[in-house]
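The structure tokens that follow cover one protein chain in two forms, given apart as structure 1 and structure 2.
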Structure 1
């Protein structure tokens, strides 16, 4: 930490917890960066002249007679094209042993975009994953979470989204990543030749948990630079927002604040909304789309973190392991993109809505047939065909390891219809049947 002239320095702490400390000081700004005994900290509360600082590495070993130096500014990020391909830590410093990033210093955690500068999200954001593009199509400027159990390969899926997405720039924010996951992201981005369009901010499980609180603001500040000034289509990927919320709870509990549901702070909704509302579609063409992983505790969707997330975002994507194929799929029943109607059949092929609905309806019939079989009931011919269809639907379309375009997804859907059903069974309009049915005669 380099001291500058006229920095305010204090040497007496009035109160201290494991995560925060209080000092009496004047002229201090909210979210201002400071150093407590050389450790980075941030102002999180000001009452008259009583300033509360959250100390990111923790306060262990700090005495009440300790030097506190205020920087006069909130945490900042040097923004420029030079940090493309770089891995940075929660403070925007190199995490990859490379040189410091040069650029214009900008404060992180600014305000969301004024509504008058926003336009209706209506541009397709394809990922190559059918469980998303076919059934839960994303649009630029959307905010949506991936809900997944901790044992699901959500980081692998997120990496695939990063490599396949039709975006100009990818900003990855990793919170509490294992070192193996960090190496995984670094190697896969490098080996696939996409590193030059990706900026990564990384907090590992070995780093102080409170540093995770800076990662979303760092990613959003970088995204705003590319989306607004470079007019690029930016995709922000955050993992794992549950660990971010846990860090919020650590600070809240150490400040003796009364916890809300599931021991989360009462400010959880606004804390999450402040991040997710950075998603935006600009009139000039630039955009920020946010896809964030939220891991579930034993599949509990009612927990405060996914519950609040659901109110803020525009749908959700559920990862699950298909029991019958063993492959990871995006659950077609529990997943939803509330903005897909803005693009399907308009920015995609005209038969998209009809094929999507027919595939999911037949898949639901297959689930009912499996339930009948498991309960010892006899199956009819339609039930048998539906079950065979469901296996192929999972293997050839839903599996997250399938990388195809939306027209290819639709064509595969028509192929499955012809393979297992008669025309009248799929429930699609006759005009589309005549145009897209692949066979030359009825079954």
Structure 2
């Protein structure tokens, strides 16, 4: 976002809040980008000739006599293949040591895809993680968040998903990322030799919070460039959307808007939907898939941020530490991918839905047995077998550090059935038992 010579300049500021300042100016477009003493700012209200600017880095130290330059454009991003491997900031300028990115300037937060030009998302997006591929299968064009507690390793799981997903391009949008996590992403991208497939837009916790507001739009604009123009399968990672929503709340508060639940702006649903709905499957094969992180406050999913998110996204994933194995798993009970029915058993092996359900049901039985045991009750033989099964299920299939294909997951599922159960106990359709229960076919 570079300044140009011919722009209009004003020097009288009439009001300043922590996030905004007012200036009398003419011919200004709504949402135009400006610079207040060199700080990027955006027009968020115009009343007659009084223009209110939201100053992204904050207004600290801004004086009433300050140079304000209007750009004549909404915020833009230079798009080109040159930004592969780059780390950029919220304005699309280098965050790393590289040169500015050359390319075609695009307004960010662009237009909506005509719904009739979309295609029903039904291409499998495999990650090698059974808690996802087997139980909560993702498809390209889907949008889904991890609902994570702040102490869970959500960013490393997110990075792992990104590294294993069969995506042509990965766009990372980091909002309020700890500097350590920024380094972590940078190292993992570099070490795995995939840097050239990745573009990152980074706002760390040290950067001004309002700059976070630009990150999702920057990220999605870059994603649209690759997905639509280059027809690539693009995976967008957004972490942490809770910090994005917090920044929205700051601005609406400074604008004297009436807050709705949990001090969030009344428009939170639309604000989040505008971003998540960038997920799309185009007819030409290009797609944008969004995997986000929404951190929770003490696990409360009725809080306005996860609540609105749940109403927008196509399912949600929960992480969980399995206390018996010490492994991090994707919680088989609370997680849900709403688009899995578009692929499971159709694009994946026929026994997928049944094996998935049977494994989860037996795992649920194991949980009940554990509770029984913890409460000091005696366990019967079935309980004992379920508990042993649960250990193996968690260790051999679910643990996120295991990386296997869906057929392998299914095969391992069958071998666990055989290890611990009788045929009638797994409740799977006879035709699949015939085919996949080893030794059955010959009998």
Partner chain sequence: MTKGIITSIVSNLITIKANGPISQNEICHVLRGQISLRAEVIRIKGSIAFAQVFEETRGIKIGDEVNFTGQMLEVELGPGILSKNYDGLQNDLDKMGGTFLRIGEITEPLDADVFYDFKPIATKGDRVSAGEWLGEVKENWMNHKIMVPFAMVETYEVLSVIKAGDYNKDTAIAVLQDEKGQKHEITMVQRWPVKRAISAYKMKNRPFEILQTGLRVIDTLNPITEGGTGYIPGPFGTGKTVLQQAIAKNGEADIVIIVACGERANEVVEIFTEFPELIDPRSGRKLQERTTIICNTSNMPVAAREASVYVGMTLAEYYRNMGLKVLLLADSTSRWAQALREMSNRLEELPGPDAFPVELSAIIANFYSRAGVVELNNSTTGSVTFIGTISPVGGNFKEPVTESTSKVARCFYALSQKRADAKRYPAIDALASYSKYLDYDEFVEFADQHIQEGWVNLVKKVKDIVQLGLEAKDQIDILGDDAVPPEYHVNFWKAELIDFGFIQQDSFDEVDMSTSIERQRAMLNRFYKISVMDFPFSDFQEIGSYFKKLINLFKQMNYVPLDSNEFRKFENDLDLMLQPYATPVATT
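By rigid core we mean the largest C-alpha set that fits within 1.5 Å across both forms. Positions refer to the first chain, counted from 1. Here the structure is a predicted model, which means the values were calculated and not measured.
One chain, two forms displayed separately, with the form predicted alone being the first of them, structure 1. With the core held fixed, the Cα of residue 426 is displaced between structure 1 and structure 2 by less than 2 Å. Annotation for residue 18: C-alpha shift under 2 angstroms between structure 1 and structure 2, rigid core superposed. Residue displacement note: residue 51 has its CA displaced by at least 2 Å between structure 1 and structure 2 (rigid core superposed). Comparison between structure 1 and structure 2 places the CA of residue 66 2.4 angstrom away from its other position, after core fitting.
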